[in-house]
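Just one chain follows, in the form predicted alone, and it is written as structure tokens.
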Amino acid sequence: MAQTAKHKKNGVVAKKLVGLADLVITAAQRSKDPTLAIPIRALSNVAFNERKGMIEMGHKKQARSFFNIGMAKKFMQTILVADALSELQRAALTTSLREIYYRTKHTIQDSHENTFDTQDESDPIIEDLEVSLAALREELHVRAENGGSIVGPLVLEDDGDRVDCAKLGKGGYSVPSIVEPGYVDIRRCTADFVLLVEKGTQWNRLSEDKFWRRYNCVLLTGNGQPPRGVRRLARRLHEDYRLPVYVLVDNDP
């Protein structure tokens, strides 16, 4: 059932990407200026939702049009990246942020102008598409490197494989960048709490000492500033299993 939901979501995302192309084609057929509405990713457009306990993006958007000289290049970059992401959807392949940059970088014919000069230009475009299409980066088939580890009395199902986090040695399970249901499912958790450790070296010490077994907890780290997968997994354990989450950090406000 979870895999079915995952495939259904992939189909929705693919249609949204094609919808961007349809928008441009329709505007061209009507001799109109092709324009994309991009949600503004700034502090001025976010608010804290007390009921959900999270910061949410507001409804303010910025028009990105092709006939505006100041926006033309960014409009082109957005469509170029969207095309690359759509190609990944059709091929059922996944790639990295870096590879998207290389896929879309080239010199425009009969000019000395590059589509992208650095990856700092392409990464924000992917973030723009995430919020515009209401899809996670990983649902666009772009993955970040695994950036955390977890060990303890927890059983997961990752892409059909059963993962017992109590039987993976001191290194634990490498937390992927997406841990949403259908990608990573929690099958069993008998822990009393989650201990989220900031530093990877401290997590290693606690894991080697089997701290999690002695105190019956899930031991989790993001190796510094925790990536989205680690933060989301901690939240899922808190919400789905009502586990308190304690955080061990250094004294550096």
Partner chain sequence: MAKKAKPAPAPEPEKKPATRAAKPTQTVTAVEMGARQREISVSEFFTKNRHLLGFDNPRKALLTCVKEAVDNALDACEEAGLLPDVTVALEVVPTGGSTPQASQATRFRVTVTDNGPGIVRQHIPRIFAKLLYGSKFHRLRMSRGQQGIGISAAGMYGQLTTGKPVKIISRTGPKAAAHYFEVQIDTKKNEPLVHENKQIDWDQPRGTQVSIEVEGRYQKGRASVDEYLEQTSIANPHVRLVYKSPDGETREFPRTYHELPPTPREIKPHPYGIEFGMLLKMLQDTTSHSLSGFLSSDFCRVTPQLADEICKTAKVSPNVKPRGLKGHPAETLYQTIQATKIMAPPTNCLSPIGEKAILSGLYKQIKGEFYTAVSRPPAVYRGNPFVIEAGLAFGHRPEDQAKPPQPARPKAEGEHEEEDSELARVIRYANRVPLLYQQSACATFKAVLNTTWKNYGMSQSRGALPGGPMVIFVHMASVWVPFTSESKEAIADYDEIQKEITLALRECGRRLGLFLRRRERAASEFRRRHIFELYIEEVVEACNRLKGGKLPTEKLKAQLQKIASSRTGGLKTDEALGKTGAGPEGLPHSIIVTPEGIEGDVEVAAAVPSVAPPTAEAAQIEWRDEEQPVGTSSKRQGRASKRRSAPSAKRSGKRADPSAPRSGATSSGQTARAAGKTAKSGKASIARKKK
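The model shown is predicted, which means the values in this text are computed figures rather than measured ones. Residue numbers count along the first chain shown, from 1.
Although it is not shown, the form predicted together with the partner chain is what the next lines describe.
A.B. asks: Just to confirm the contact call: exactly one of 69-77, 125-133, 178-186, 151-159 touches the partner chain in the predicted bound form at a 4.5 Å heavy atom cutoff, so which is it?
C.D. replies: Contact-bearing stretch, as computed: 69-77.
A.B. asks: So in the predicted bound form, does any heavy atom of R103 sit within 4.5 Å of the partner chain?
C.D. replies: Contact check for R103: yes, within 4.5 Å of the partner chain in the predicted bound form.
A.B. asks: Can A82 be called a contact residue for the partner chain in the predicted bound form at 4.5 Å between heavy atoms?
C.D. replies: Yes - in the predicted bound form, heavy atoms of A82 and the partner chain come within 4.5 Å of each other.
A.B. asks: Please check if D33 has a heavy atom lying within 4.5 Å of any heavy atom of the partner chain in the predicted bound form.
C.D. replies: Yes, contact at 4.5 Å.
A.B. asks: I'd like to know if D117 sits close to the partner chain in the predicted bound form, meaning any non-hydrogen atom pair within 4.5 angstroms.
C.D. replies: Heavy-atom contact with the partner chain at 4.5 Å: absent for D117.
A.B. asks: For this chain shown on its own, do V12, R41 and N45 all sit within 4.5 Å of the partner chain in the predicted bound form, going by heavy atoms?
C.D. replies: Zero of three within 4.5 Å in the predicted bound form.
A.B. asks: Going by heavy atoms, what in 14-28 lies within 4.5 angstroms of the partner chain in the predicted bound form?
C.D. replies: Residues within 4.5 Å: L17, V18, A21, D22, V24, I25, A27, A28.
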